[in-house]
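Before any questions on how it binds or moves, here is one chain, the form predicted on its own, in structure tokens.
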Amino acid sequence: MTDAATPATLDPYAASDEVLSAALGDEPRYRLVQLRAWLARGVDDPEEMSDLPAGLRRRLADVLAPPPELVAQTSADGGLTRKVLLRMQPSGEEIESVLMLYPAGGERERARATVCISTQAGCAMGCPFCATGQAGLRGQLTVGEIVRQVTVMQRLLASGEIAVEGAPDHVTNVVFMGMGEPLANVAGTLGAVRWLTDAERGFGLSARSITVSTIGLVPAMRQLTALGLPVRLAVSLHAPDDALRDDLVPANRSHPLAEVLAAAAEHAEATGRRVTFEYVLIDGINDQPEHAERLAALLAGRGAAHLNLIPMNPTPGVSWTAPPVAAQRAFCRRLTDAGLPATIRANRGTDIDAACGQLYATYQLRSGRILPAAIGAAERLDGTRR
């Protein structure tokens, strides 16, 4: 048993069978199976594990890192989008994740409940169009802190606290697209992917239902590919050439486009999965006809790659906005006319700061922090278009 003054820190989602068995002490082997089953169902508070003896539940509560505190919930899009603010224990760090419900009907073949999860508290990448990136990095999330975002949503759905007609009552998809750069926390991200796809000791989610997004950290991309799982890769481009991308995605200075595209192609070949390329459209910055032409040339011959155009969501650090709808459609049309599969994403949750690039905008406003790199990039690009 831990000292009363020492917070419990054992991450049950990252712990091996040997470590969890040690925490269980002299209990029979089947207690480990029971514990794993509770964790897989999203029950991570030992007091709720009703088939474990009371004494064992108390002992586990002294050892296992406590469940996160659900601090706040906000909803948008008629209840189809739900953002939660979680306070992790024992660190006290606050992070956000988003549940997006897609009821069956119309052209959609099946209903989905997709959780967009965070991998870092803040982000160190410094992309000037992203609220999280403007605020800087406060810390890496553990495997448990990552997957508990999924299990929190799973419990809210299973309990009926979140319920929408035609939508699933369980999590069907997970996208690593929340706060932080997933592959800058490669140990946490890969550990979470392993647990989420583990059919025997984990969540049992199909690897084909998981998407990992990255701005292009090439060595970590190759580590993801080496997992051998058909996880979809989404690569954030945001510019059609290295000169512009150096400002919009500062990590491009270390991992230029040619290297990023090569690593993406390796992942596609190894997994058989189509790579998605993300491109945030920013009015007057990267949305001109010449940008579309260079982008089409850059991605020509990329096989089954798909381009996802994302109209920029407002963030507090810069005055940039999305182009007018007509300009967005014209940009997309230039790409499709060039033979590149491209669509414009319908943003969800913009009015609750839950859309792409907006997570933890409220933290950044409250803290008053904006990374100097983000400020400098915005100022340089503003100067070039005046």
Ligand code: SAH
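Nothing here was measured: the structure is a model prediction, and the numbers come from that model. Note that residue numbering follows the sequence shown and begins at 1.
There is another form of this protein, the form predicted in complex with this ligand, and it is not shown here; the text below is about that form.
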Any idea which of 172 to 180, 265 to 273, 187 to 195, 144 to 152 reaches within 4.5 Å of this ligand in the model of the complex, heavy atoms considered? 172 to 180
None of A239, V115, L157, I215 but one has a heavy atom within 4.5 Å of this ligand in the model of the complex; the exception is I215
Just one of D283, E278, E259, E94 has a heavy atom within 4.5 angstroms of this ligand in the model of the complex, so which one? E278
Can you work out whether C130 and this ligand are in contact in the model of the complex, taking contact to mean some heavy atom pair no more than 4.5 Å apart? yes
Is L224 part of the interface with this ligand in the model of the complex - any heavy atom within 4.5 Å? no
Could you confirm whether A292 comes within 4.5 Å of this ligand in the model of the complex, counting heavy atoms only? no
Verify the contact flag for N313: yes if a non-hydrogen atom of it lies within 4.5 Å of a non-hydrogen atom of this ligand in the model of the complex, no if not. yes
